[in-house]
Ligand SMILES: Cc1cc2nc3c(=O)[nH]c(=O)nc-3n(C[C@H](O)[C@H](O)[C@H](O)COP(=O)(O)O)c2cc1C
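This document starts with one chain, in the form predicted on its own, laid out as C-alpha cells.
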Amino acid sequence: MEVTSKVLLVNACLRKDNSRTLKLVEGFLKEARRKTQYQIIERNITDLKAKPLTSKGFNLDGTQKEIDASLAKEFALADYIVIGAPFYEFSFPSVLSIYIENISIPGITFKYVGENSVGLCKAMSLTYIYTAGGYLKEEDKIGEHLLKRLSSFYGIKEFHSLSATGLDIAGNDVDKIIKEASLEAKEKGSLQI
C-alpha cells in the first residue's frame, strides 16, 4: 500500500515511559493504519526549545520578533494532526500551550481578511487524545473545547477527541479502559485518518 498522507503527531506526554496517553495514541494510530497507509512525523514538544511568548518578543506595532516559523509551517502542511496530551487541571500540560503560541503565526496557520481571520492549515482533521485519572463532566473539558475552537480557527475541517478516563480510580483496570476507549472510537468511526 502506498503512503498517501502525512500525519503530524504532536506528543505532549510528559512521561517518556509508561505514558497512558501515549499508549492510547499508539492504539489509535494502529487502528487507523488498518484503513490507510500514512507517514508519521512525531514532534515531541517536551524536547523542544520553544519558549512562551513574553513582552520582549514583540515589536512596538504588536508583531512578533525573531519568529522561528518551522513548527507553524510543519503544522500548516500536515494532512492530519493528532495531539496526545494528558489531562492536567481541566486542560493539558503547559508545553502544549507554548507550542500553540509558537504555531499561531499570521500568514502561516491563519490570516486576517478585514476584521475576520481565515485558517490556512490544510489538515482534514485534528484528533485530540487524552487520558484522565478521574471521571470528567463536560464543563471539565476546557482543553478539549479550546483545541476544538483552535482547530476551526486554523481552518481544519474536522475535530475529533478520544479519551480514557477514570484511570486512577481504585479498582479500575487501566489497560481494559484504554482498550475499550480505542474500540469505542473504532466503532463510532472516529479513526479518521
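All residue numbers refer to positions in the sequence shown, first residue = 1. Here the structure is a predicted model, which means the values were calculated and not measured.
A second form of this protein, the form predicted in complex with this ligand, is not displayed here; the remarks below concern that form.
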Q | Site test, 21, 131 and 136 vs this ligand in the model of the complex, non-hydrogen atom cutoff 4.5 Å | A | yes
Q. Of 99, 80, 87, 110, which one comes within 4.5 Å of this ligand in the model of the complex, counting heavy atoms only?
A. 87
**Q.** Partner-contacting position among 32, 167, 150, 45 - heavy atom within 4.5 Å of this ligand in the model of the complex
**A.** 167
Q. Do residue 176 and this ligand come within 4.5 Å of each other in the model of the complex, heavy atoms counted?
A. no
Q: Sort through 118-126, 71-79, 87-95, 100-108 and report the only stretch with a non-hydrogen atom within 4.5 Å of this ligand in the model of the complex.
A: 87-95
Q | Partner contacts in the model of the complex for 148-163 (non-hydrogen atom within 4.5 angstroms of this ligand) | A | none
